[in-house]
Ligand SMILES: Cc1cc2nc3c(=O)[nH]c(=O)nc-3n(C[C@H](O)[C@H](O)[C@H](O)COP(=O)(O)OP(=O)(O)OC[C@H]3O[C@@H](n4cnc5c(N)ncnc54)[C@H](O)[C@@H]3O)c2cc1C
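Starting off, we have a lone chain in the form predicted alone, written out as structure tokens.
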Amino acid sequence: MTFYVENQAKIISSFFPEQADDYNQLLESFGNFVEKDIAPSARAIDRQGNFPKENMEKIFKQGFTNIPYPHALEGLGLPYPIYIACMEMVGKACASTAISLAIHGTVCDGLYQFGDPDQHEKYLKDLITGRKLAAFGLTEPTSGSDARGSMTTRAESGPAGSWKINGEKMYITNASKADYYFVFAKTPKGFAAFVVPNESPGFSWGSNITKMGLKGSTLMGLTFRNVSVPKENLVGTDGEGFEYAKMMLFGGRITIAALSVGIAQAAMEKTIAYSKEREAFGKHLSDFEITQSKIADMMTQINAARLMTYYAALLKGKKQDFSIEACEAKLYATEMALDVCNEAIQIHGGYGYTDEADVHRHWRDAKLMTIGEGTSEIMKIIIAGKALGKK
């Protein structure tokens, strides 16, 4: 077992002492898989901007998305922290692949929590087994953090209880690749959530938006022009959609935190290897006290973020309130990843600024983590609100 997996194993063992051996063997096996089958393509995916379809298929075959769901839904019935530990490993191997899986997982989580048995049978089984891919449709051109106050996409009642959706979404991960879209819209009762199949008439997406990082994942706008959705595709209760979105985002923040820990781990490992090889003033960089200090800070911060993230995952898995812990983990882990990647570039010096070193890729990927699923500023507002007793 590598030192990296040992750090994960210690946490998992403390959470589940009776099953520790089985769970840690699973983590070691999955870690070996992503290092061998996923990590080698990450650099090319970033350079070429190719959607990581093959990576996704390989990971689905490993049963990754199945991990936290019951056997009745073709899941593996394992604790949620195991899923989060595996998400971290995918983030370390290829962040473009991980972000697409994270958004897919958010939709699976939403359907599982708020969907009915028919929707579980029709949609969720295909999603958690990877036979189909999902996207999450909340953000709009003028509606980001203030989704509740500024959303303009609307759904109105149509014939035979159906719904007609009109509006636009923006910055949607997995757009054009997804089979199903979990879409939020305003209704006379408030907010509602719908499953919109990709072949629905009147539904379309724009061109791929060029990004600084995570270049393998698609990011597009969506357009709804009188898109008719059958009544069976309403998820949960009309009027409760905003609460569903909040709960899905809280869960999504744990996956983003895990992904960020993985990104930081990748940057640190490259930095350690480089510091042992690069010589300056007659000795290796790793022999300098300043280098050792930076690496010590990296490791400490990564392990702290990992603990926060896995703890939030443990609470979620136990169906306890995890909202603040998810925000804290997301805030700390994403900002930590950005700092660690910045130091990694600094230790690499001029070489770290070049494409050849493949270090700045991790910084570019980490930057999005501080924005997506709620910015760091929004996380601080939520956390402070709890501390100050504000609703």
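Everything quoted here is computed from the prediction, not taken from an experiment. Numbers for residues come from their place in the sequence shown, where the first is 1.
One more form of this protein, predicted together with the ligand, exists but is not displayed; see below.
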Checklist entry - Of Y83, F136, Y310, F224, which one comes within 4.5 Å of the ligand in the predicted bound form, counting heavy atoms only? => result F136
Next on the checklist: Can you work out which of A192, L101, A178, I172 has a heavy atom no more than 4.5 Å from the ligand in the predicted bound form?
Outcome noted: I172
Item to check | Options 234 to 242, 124 to 132, 141 to 149, 83 to 91; stretch whose heavy atom lies within 4.5 Å of the ligand in the predicted bound form | outcome: 141 to 149
Checklist entry - So in the predicted bound form, does any heavy atom of V196 sit within 4.5 Å of the ligand? => result no
Item to check | E18 within 4.5 Å of the ligand in the predicted bound form, heavy atoms | outcome: no
Next on the checklist: Contact with the ligand in the predicted bound form for I12, defined as at least one heavy atom pair within 4.5 Å: yes or no?
Outcome noted: no
Item to check | Partner contact for K186 in the predicted bound form: the ligand, 4.5 angstroms, heavy atom | outcome: no
Checklist entry - If you check in the predicted bound form, do L368, I378 and I381 all have a non-hydrogen atom within 4.5 Å of the ligand? => result yes
Next on the checklist: Suppose contact means any heavy atom within 4.5 Å; which members of 207 to 222 contact the ligand in the predicted bound form?
Outcome noted: K211, L219
